[in-house]
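Next up: just one chain, as structure tokens, the form predicted alone.
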Amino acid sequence: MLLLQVIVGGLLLGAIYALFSSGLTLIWGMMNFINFAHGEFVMLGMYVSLLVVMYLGGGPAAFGFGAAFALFVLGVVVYLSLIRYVLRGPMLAQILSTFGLALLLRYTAFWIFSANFVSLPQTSLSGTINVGGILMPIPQLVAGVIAILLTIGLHLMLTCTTIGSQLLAVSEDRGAAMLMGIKPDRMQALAWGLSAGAAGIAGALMAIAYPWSPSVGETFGLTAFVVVALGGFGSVPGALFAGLIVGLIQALSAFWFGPIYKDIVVYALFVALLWLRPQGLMGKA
């Protein structure tokens, strides 16, 4: 029964990994652009949640929406003020731009919030429920279920809506999309907003259940790259399955070998899989 509880906990955590990784894979699939600041977007979503609770007295719905909205706006601003200019430059400029942005956001958070770990005050989601003998903390359960639903919703938006068709059209052929009346800059700004918004709400969901500090963005960034590469760059369903797999492997590794070994096992299996299947689980060869 304890092992089953560990498995469920790993899958719930993996669902949140999938949500913020889906934003990273959206940017790669649309623009072939790597955002090294994506982990910091998750971290900022956590702090936005804290500010909403502390100064506005908002509950989970309020700080979830607040984190998603604030990071959506930040994503659009980052694209309009930085990304659309470095896209015209060499790959090195693209890499260094978001790496520098990650450092700027991280150390600004250190300056404002300090290096101390913080956590949200108790919310209406606190407590534990017993499901068939499995004890599940309500915050982790709610966060995991919402993350899965939002990741599926993002995939459906990309594949079943007009906006999704326009986003995919720009990713396939920017020039042809312009001839069809689609404005690539507007679509790419929207993609950055959606990517950052997904990271923000994932951060809010993580904040419900786990303490954090400004340095957590680096860990989330590495996890997102593992999930995206494992699932296949550009594939939201791949990010969903890979996120669940990574969360499960981390939980089982911590249970069997100890918490300090969980990342070692994940990265070792990740390298082994990419050696056998470089395009990831659901990526195109």
Partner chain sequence: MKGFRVLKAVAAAATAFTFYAAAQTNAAESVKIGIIWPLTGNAAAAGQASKAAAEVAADIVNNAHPELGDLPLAKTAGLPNMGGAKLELIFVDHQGNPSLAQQLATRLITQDKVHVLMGAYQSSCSFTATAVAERYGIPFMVGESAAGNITGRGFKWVFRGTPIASDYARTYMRFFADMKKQGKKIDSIAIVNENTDYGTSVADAIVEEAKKANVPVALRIPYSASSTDVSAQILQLKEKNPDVVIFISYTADSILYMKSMNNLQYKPPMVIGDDTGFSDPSFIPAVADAAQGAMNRSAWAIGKPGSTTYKINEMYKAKTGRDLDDTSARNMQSFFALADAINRAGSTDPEKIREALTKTDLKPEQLMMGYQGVKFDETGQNILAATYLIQLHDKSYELVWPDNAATAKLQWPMTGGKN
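The shown structure was predicted, so the numbers you read here are calculated from the model rather than taken from an experiment. Numbering follows the first chain given and starts at 1.
There is another form of this protein, the form predicted together with the partner chain, and it is not shown here; the text below is about that form.
Residues placing heavy atoms within 4.5 Å of the partner chain in the predicted bound form fall in a single listed stretch, namely 215-223, out of 235-243, 48-56, 62-70, 215-223. Taking a 4.5 Å heavy atom cutoff to the partner chain in the predicted bound form, the contact residue among Val145, Leu135, Ile152, Val77 is Leu135.
Contact check for Ala189: every heavy atom lies farther than 4.5 Å from the partner chain in the predicted bound form.
At least one heavy atom of Ala209 is located within 4.5 Å of the partner chain in the predicted bound form. Although the partner is absent from this view, Val131 stays clear of the partner chain in the predicted bound form, with no non-hydrogen atom inside 4.5 angstroms. The closest heavy atom approach of Ala15 to the partner chain in the predicted bound form falls outside 4.5 Å.
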